[in-house]
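A lone chain, given as structure tokens: the form predicted on its own.
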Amino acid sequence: MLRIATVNINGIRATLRRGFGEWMAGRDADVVTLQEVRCTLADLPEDAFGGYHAVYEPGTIAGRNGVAVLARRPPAAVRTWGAEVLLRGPGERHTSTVPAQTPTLARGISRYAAEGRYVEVDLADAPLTVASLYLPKGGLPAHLQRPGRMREAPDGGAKYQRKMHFLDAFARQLRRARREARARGRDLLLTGDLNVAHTQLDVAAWRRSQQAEGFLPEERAWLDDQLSARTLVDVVRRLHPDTAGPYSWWSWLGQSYALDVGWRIDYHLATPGLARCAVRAEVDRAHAGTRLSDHAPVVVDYDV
């Protein structure tokens, strides 16, 4: 059995204070992928990654982004979009980075190469490539922006356009990653925070969210295009076909968490052979009564 978890931790130092280290030790996952680590190498806590071998791509935007893959054994290979990575084993404290392999990049993706949004690892003990992705949150198109009804100042649709550009470029890069993994004799598992809810089952208040970033028709159509029985399968939805949720993100505001008014935006997207091996999928809403982040870990057991 191979247990793989993914979680947007919204800052490694904050989540460790909330018990993330204890969660990792108790959950006993073979692989854990992280998004929004949000920490410079110099500021990484000594116990940041527990007893795992860590691959961390911090990006160059201070205090933002950063993705990682943690595994029980050192990786067989590491790939990024051109960025260097921190490779750190259990008990190690160094902060020096090393080059990673760079695949042939699809048109448009190099714009995001230094942002700490993507890293992929070939596991040493299974024919599997595991990727961690933090997809941009985005914003509203200009025609939906209403001054006075937004937490942020209207930007004329700039964040929306940037997200749509990323989605377009990443779709091409994802096809390359999937085909290259297959050529190496490996399945591909894309995990992470995609900042897109796919269907009405994935947003508790879906009716009033239809003009919200993350649930726009064009974002949902993009995710439609990535999924099929022959390319990538939404593993959690396969195991919970008719369930509302299970949600993986809740606002810190109001009673959203207590009332389970959430969004499912954290995914395991697997090539078909691996997807068929998935036997259990759970969302860890809280650890010892404490939220680790505004997201919760999505944990899947694969019978491989």
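These numbers come from a predicted model, not from an experiment. Residues carry their position along the shown sequence, with the first being 1.
A second form of this protein, the form predicted together with the DNA, is not displayed here; the remarks below concern that form.
The candidate stretches are 37-45, 66-74, 267-275, 236-244, and the one lying within 4.5 Å of the DNA in the model of the complex by heavy atoms is 37-45. Scanning Arg184, Arg208, Arg111, Lys137 against the DNA in the model of the complex with a 4.5 Å heavy atom cut-off leaves one residue, Lys137. For the candidate spot formed by Gly11, Ala62 and Lys159, every residue has a non-hydrogen atom within 4.5 angstroms of the DNA in the model of the complex. Contact annotation: Ala258 falls outside 4.5 Å of the DNA in the model of the complex, judged by heavy atom distances. Using a 4.5 angstroms limit between non-hydrogen atoms, Arg285 is distant from the DNA in the model of the complex. The DNA in the model of the complex is not approached by Arg280, whose heavy atoms all lie more than 4.5 angstroms from it.
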